[in-house]
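Here's a solo chain for you in structure tokens, the form predicted on its own.
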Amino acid sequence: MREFSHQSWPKSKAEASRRQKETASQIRLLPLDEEPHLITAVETVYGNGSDVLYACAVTMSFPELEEVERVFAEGPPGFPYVPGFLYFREGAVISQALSNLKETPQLVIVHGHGTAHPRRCGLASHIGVVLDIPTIGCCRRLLTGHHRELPPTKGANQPIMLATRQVGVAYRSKENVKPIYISPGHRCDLPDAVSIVQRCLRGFRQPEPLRLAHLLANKLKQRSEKKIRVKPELAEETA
């Protein structure tokens, strides 16, 4: 896995746009070389005030989905909030978390989009290109494009269309629950991306590795932001 913790980060939207176009030109969408036996999911949550970002990367065996490793990172967002440029805001903290892994992931599921992006280069695509590993984007909200209404049954799906091109799949992972949005990031095609996410479902809306990463990132936030209040009488006793 390539190191990407020492990247320079853009200082303006114009620079971020240029960098994103360069990355988009390097994206390769093709079937997986082989089925992974280790899958990593990475998720971030913002601290109170959104001035700190907490990240968790969880590696699980596949297809058994038994936890192998979990690592954490935290730090300030690297870029202002601008829709469509999430990588430059969260990439530094995500990179730190992934760099902490002892086991190199064979595929990363990212809570973000891959090709289902206005410039077809979302967070998952950026991470895939920079690390040169297969990535999949799986998100709870649609960023761009459109799809037909899904039936309420589990497994219902519709293509996400951007102009005349399919860029992802809207997939109902649980009956009567809002769909998730799946798109390939890099070194993975759409059929493989959908298949991997389907096989990672364990009765919840999100695939299990991503669900666990989300829970653990929130626990990190709660632990880091918990304020320990000492009663005045205890403070006097320990003075």
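Residue numbers here begin at 1 and follow the sequence given. What you are looking at is a predicted structure, and each value in this text was computed from that prediction instead of being measured.
Form predicted together with the DNA: not shown, discussed below.
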- Applying a 4.5 Å heavy atom distance criterion, does residue 86 contact the DNA in the model of the complex? yes
- Is residue 123 close to the DNA in the model of the complex, meaning a heavy atom pair under 4.5 Å apart or at it? yes
- Query: Is the gap between residue 173 and the DNA in the model of the complex 4.5 Å or less for some heavy atom pair?
  - Reply: no
- residue 140: heavy atom within 4.5 Å of the DNA in the model of the complex? yes
- If we take heavy atoms and a 4.5 Å cut-off, which stretch out of 149-157, 101-109, 114-122, 67-75 is in contact with the DNA in the model of the complex? 114-122
